[in-house]
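Next up, structure tokens for two forms of one chain, structure 1 and then structure 2.
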Structure 1
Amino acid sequence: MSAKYEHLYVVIEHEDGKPVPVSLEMLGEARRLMNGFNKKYSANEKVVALVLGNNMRRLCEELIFYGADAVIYVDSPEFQYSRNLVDTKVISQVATNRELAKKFSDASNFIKPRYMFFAADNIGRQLSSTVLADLESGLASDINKLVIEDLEIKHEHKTKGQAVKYEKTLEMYRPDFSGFLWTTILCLDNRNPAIEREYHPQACSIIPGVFLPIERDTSRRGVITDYIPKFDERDLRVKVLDRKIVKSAVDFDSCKAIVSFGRGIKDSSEQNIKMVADLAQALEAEVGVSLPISKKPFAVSEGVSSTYMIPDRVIGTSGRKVAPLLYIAAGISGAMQHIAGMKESGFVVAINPDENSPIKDECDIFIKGRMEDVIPLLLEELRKQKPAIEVKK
């Protein structure tokens, strides 16, 4: 018998007819989760990719190869460029359309998806919030770990203080601000009779680079279903005439070395940042930062702040994933969200006065000391070696 809430819908983003990497990553994790779900609950729920586009039929076939059981394809010239208002309304139409769900499942009682995934990027963060507001459910943002489990919950408001079993609950994890502790986010129905209400889909935006896509399998088969959208003419008054993709101002990919700093700059913030920048220049490296630095926790000049204490330089699950030949972490303790962004580096050097900091277990060389004492010595040695290196070149 069909349930009211079924399936995992994944909202796909694409560029020039190709899925952006995080879309395939979300599909891979969706496939793994629903394989486990169906086995555990003796169910047959689907991974459903949702595509808004124009002339994207070939993309729909690729999404089947990468893990989708079904693809709902909304084809219109209006989707050549993303517009949040239009995209939100159409995704909400699709998510509540029983006839569409019947194309790939027994959906006689279908109301909404059970789960829903978006990308935690510039488009997905905004789109996920407006769609879930439209669907009147909750949203967890910037997630990097997912588990489906049966939970016994006792909550003053949700359950009126009684222990209640919530089945098939999506546990959505993200690192807290420190990066050392996990925050678990749940989207739970109100079981308190005084405020009784159901919340579905259970939805989240997923950080790019966290999950792995599954291997492309051309033998996979699935259902591609077309949907003709219903537009409100008032929503189409805003047109996108042209678009230019603005790439990150920080080019980590072309650098063989990265020097990153964290809250260890605190004693002499401005001077220490400039010293890190000097070391990066000497190594022909780029400068990275840990997540807390992008929140500008220390007072420095506007020039230094706008150059270095910016989100584009964040390395970790809330920023960029890098893999340089050399990675130097100065004054970074080693929070898990940062480690996830640099663990594929070829050779890692950590500078930290605390020999018990977690970064020690992630590096090839650990230098116990304050960056103010260590980096000048490194710079002095590099200046000595520079003439010999230039001669060899």
Structure 2
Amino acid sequence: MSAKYEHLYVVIEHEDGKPVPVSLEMLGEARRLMNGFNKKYSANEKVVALVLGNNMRRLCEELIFYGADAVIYVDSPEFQYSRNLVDTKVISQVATNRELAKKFSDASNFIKPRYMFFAADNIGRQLSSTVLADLESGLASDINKLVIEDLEIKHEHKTKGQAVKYEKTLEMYRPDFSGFLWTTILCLDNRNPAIEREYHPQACSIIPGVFLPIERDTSRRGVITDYIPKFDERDLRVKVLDRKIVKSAVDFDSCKAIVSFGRGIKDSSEQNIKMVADLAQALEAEVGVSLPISKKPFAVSEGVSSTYMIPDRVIGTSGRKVAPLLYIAAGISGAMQHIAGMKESGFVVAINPDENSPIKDECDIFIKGRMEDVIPLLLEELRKQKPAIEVKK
């Protein structure tokens, strides 16, 4: 007999007909999890990719090569670009449609997906919250580790203090407190008879860059199912009249080195930023920052603030993904969200007085010390060696 809540639905994002990398990363993790799930529970639940787009059939085939068992495809010119209002309505329709689920499974009792994944990027963060509000379930945001487990839970309200077994629970881990602590988030039914209620899907948004896609395999087969959505003019009241991809003024793509700074500048903000800028200049590098810096947490002169403490320079899940040959992190603790943006760098140097900072595990060289003491020494050395270290463009 089929279950009420089945399958793992993955909401795919795309750009110019290609899946954005996190979409394939989510599919890869979904595939690994559901392979384990089906083996452990002798089940046959599917990884289902959900695509809203226009003329995207080729992309749907690709998603099967990257791990989907089934693709639900909503094709309309209205889905050329993502718009939260109409996307939310259609994704909620798809997620509660038993007839669609029957195209790739028995689904005779299907009510909603068991699990659901979204990207933790600008589109997915908003979409996941509006869809899950519609589906009346919970959401864990910015997740970087997932485990499916049977858990025994004893909770004052949820279980009325009794130990209750929750099967097939998705443990959703997220980095908190600057990446120093992992929080585990569970989306659990209320089993207390006084407030009984079921919460499905168990859903999360996933940090780009943390999971690996599976290898593309063109021998993989799956079902592509079309869905004709229901929406009206009111759902289309947000219109895309024009769309320009604004190129960032900060060129991280063609520079060979990046020197980034974080809240560790705090003791002498203005001077420390200028010192970082000097180091960047000596290395012909760009300057990057951690997210808190873009919120201008320290008082500095207008020129320094408007040049360096800006969102365009943020590296990480809320900013840019970079891959220079050399990455220097000065006064950055190494939170997961920052690491996701720089972990493709070739050689990483961290300058930090605290050797318990997570950045220590992410770098090739850890210089234990204050940037005020370390950077002048580096600058002095660079000046001595300048003729020998011409950076080739």
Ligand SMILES: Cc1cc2nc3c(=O)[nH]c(=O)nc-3n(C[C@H](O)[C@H](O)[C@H](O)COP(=O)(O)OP(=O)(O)OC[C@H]3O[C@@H](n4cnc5c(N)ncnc54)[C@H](O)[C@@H]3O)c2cc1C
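All values reported here derive from a predicted model rather than from experimental measurement. Just so we're on the same page, rigid core means the largest C-alpha set that superposes within 1.5 Å between forms. Start at 1 and count along the sequence of structure 1; that gives the residue numbers used here.
**Student:** Just one of these is the form predicted alone; is it 1 or 2?
**Tutor:** Between the two, the form predicted alone is shown as structure 1, not structure 2.
**Student:** Once the core is aligned, please say if the CA of P208 is shifted by at least 2 angstroms between structure 1 and structure 2.
**Tutor:** Result for P208: no, shift under 2 Å.
**Student:** Does K321 count as moved between structure 1 and structure 2, where moved means a C-alpha shift of 2 angstroms or more after fitting the rigid core?
**Tutor:** Moves: yes, 2 Å or greater.
**Student:** Taking the rigid core as the reference frame, is the Cα of F347 displaced by 2 Å or more between structure 1 and structure 2?
**Tutor:** F347 C-alpha, core-superposed: shift of 2 Å or more.
**Student:** After superposition on the rigid core, what is the displacement of the C-alpha atom of E284 between structure 1 and structure 2, in Å?
**Tutor:** Looking at the C-alpha of E284 between structure 1 and structure 2, the offset is 2.3 Å.
**Student:** Fitting the two forms on their rigid core, what distance in Å separates the Cα positions of T307 between structure 1 and structure 2?
**Tutor:** That residue's C-alpha sits 5.0 Å away in the other form.
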